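In C-alpha cells, one chain follows: the form predicted on its own.
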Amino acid sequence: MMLDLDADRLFPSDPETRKIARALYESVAGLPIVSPHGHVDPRILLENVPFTDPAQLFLRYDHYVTRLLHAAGIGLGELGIPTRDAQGRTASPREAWRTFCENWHLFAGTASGYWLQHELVDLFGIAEHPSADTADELFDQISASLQTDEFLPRALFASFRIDVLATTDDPMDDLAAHAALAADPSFPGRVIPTFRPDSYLNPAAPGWADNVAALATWNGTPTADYDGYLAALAGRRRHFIDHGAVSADHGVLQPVAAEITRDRAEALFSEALEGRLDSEGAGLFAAHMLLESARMSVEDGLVMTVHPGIFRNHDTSTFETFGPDSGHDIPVTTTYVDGIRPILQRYGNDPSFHLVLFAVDETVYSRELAPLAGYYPAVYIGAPWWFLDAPDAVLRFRAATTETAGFYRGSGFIDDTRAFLSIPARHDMSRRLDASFLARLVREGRVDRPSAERIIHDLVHLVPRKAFKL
C-alpha cells in the first residue's frame, strides 16, 4: 500500500470548479506563513538541537493523536506519555511508535490523519502506509532524517517559510528565549510571545493566590492589594509588548464580562486572597477582570483574543495521572451576545480595539459571531479552532460567516498547535479549502474571478496582519 498526496486534495470534484480552485491555490501555495496564535516552545528554535525521535515528534505533545488512540483502549503510557509521579511503566519511543503505526487506520478521515500524512510524505518522503510491518523501518528512516542539518528546528522554520510565529506564555515568564532569538543575527525569523493571564484573573484557578503574590513581588509590594494587582498586570503586559507581543489571549469556559464598582472588585479580591470567596463571587470577579483586560487592551494596544467553550481535564483520573493537555478537554455550548456585551458597550466601536472571538461551538458562527463582527468595528471572527480546524468544519465556517460578515472580518487561519512539524500542513489545508470555497462562488456567479484572486491572497496575509496588528 503506497502512501501519497493527491495534488488536488480537498478541491471540488466538479472538473471546472476544481480547475478554478487549483489556480487560486497555486497563486498562494508558496506564500509565507503568518501564525499569530500557537503553542510551540520558543526554546526549540533557540537551542536548535535535533528532535530526539519520531514518537517525541509526532505523539508526545499532540493530543489530537493521543486522544483518538486512548479512545481505542490504548493507555497513554503505551504512547510514551510519562506519569506525573514518574511511577509505572512508560513505553520506549520505538514501542510507542509501533503502537501508533499498528493503529494508523484509526486516523482515516480525521484532520490529524490528513496532517500526519502530509508530514510523512512531504517532509520525510515516506511512501508506505504506517503499519505493524513498516513501523521499525519508518522509525529508523525518520530518526536518520532528524539527525541531518535540514531537520534542525531553525532549518525547518526557514523551509516552512514562517514569517511570524506567536507562542503562548505565562505572564511571569521572563521571555528570555524570545529576547535571545530577537538578538540573534543568525536567526531572521520573528517569534513573538502572547500574554496568557487566565490563572492570574480567575480566583477559582489553581494557584491563583500564589500567582497574585508573584505579581506583587515583581511589582515591589510586600503584600498584594487590588490597585497593585492591576498595576502589576499592566506592567507585565508592557514587558510582553517590549518583547514583541501583539496579543493577550483569554481561555475562559464562558465569555462573560461584568461591570462592577471598584469597591466591589476590591472586596472580592480581598475575599479571594483570604480564601473566603464562593464560586459565584469568583465567577463575578473573573468576569470583571475580562472587562478590565479589555480596558487594558484599549490602553496598551494588545489585541484581545477569547478562546472559550472548553471543559478542561474532563477525565479526572487521567488528569491526576498524566496532568493537563493530555487529550481529554471537551467542547461545551457557548454563547456570546449577552456575555460579551459589557465589553462592546464600552469599546465595541473603538477601531483601535481588536477583539478576536473564537468558538468550538459552531452553532454560534452564523447566529452570533458573524452578526457581531458584521457590525462592531472592534470584533473579528476567530478561525475554526481545535475540534473545528478540520476540512469539512472549515468549509461550514466559511458558509456560515461569509454571507453576513464577508471575508475581511476574520482572524486569518490559526494553527493553534504544539506540533511544530504540522504547521505547514495545517496552513496548506486552509489555503486549499479557501480556494475551494471561492471557486464555488466563482462558478455560481457570486464572486468574479479577479475578486476571488484578490481575496485568497488577502486571506493569507492581509487579514491576519490586520486582525493581529502585524
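Quick note: we count residues from 1 along the sequence shown, nothing fancier. Since the model is a prediction, treat every value here as computed from it, not as a measurement.
The discussion below concerns the form predicted together with a further copy of the same chain, not included here.
Partner contacts here mean any heavy atom within 4.5 Å of a further copy of the same chain in the model of the complex, and among 243-251, 270-278, 357-365, 293-301 they occur only in 357-365. The candidate spot formed by 9, 443 and 446 lies fully in contact with a further copy of the same chain in the model of the complex, as each residue has a heavy atom within 4.5 Å of it. The partner is absent here; in the model of the complex, the one residue of 372, 116, 265, 233 having a heavy atom within 4.5 Å of a further copy of the same chain is 372. With the partner omitted here, the residue from 327, 308, 203, 197 that has a non-hydrogen atom within 4.5 angstroms of a further copy of the same chain in the model of the complex is 327.
Within this chain, residue 39 is remote from the site of a further copy of the same chain in the model of the complex, having no heavy atom within 4.5 Å. The closest non-hydrogen atom of residue 391 lies within 4.5 Å of a further copy of the same chain in the model of the complex.
Under a 4.5 angstroms non-hydrogen atom cutoff, a further copy of the same chain in the model of the complex has residue 402 among its neighbouring residues. Shown alone here, residue 67 lies within 4.5 Å of a further copy of the same chain in the model of the complex, counting heavy atoms only.
Annotation for 312-345: interface residues with a further copy of the same chain in the model of the complex are 313, 314, 315, 316, 317, 318, 326, 327, 328, 330, 331, 332, 333, 337, 338, 341, 344, 345 [heavy atom within 4.5 Å].
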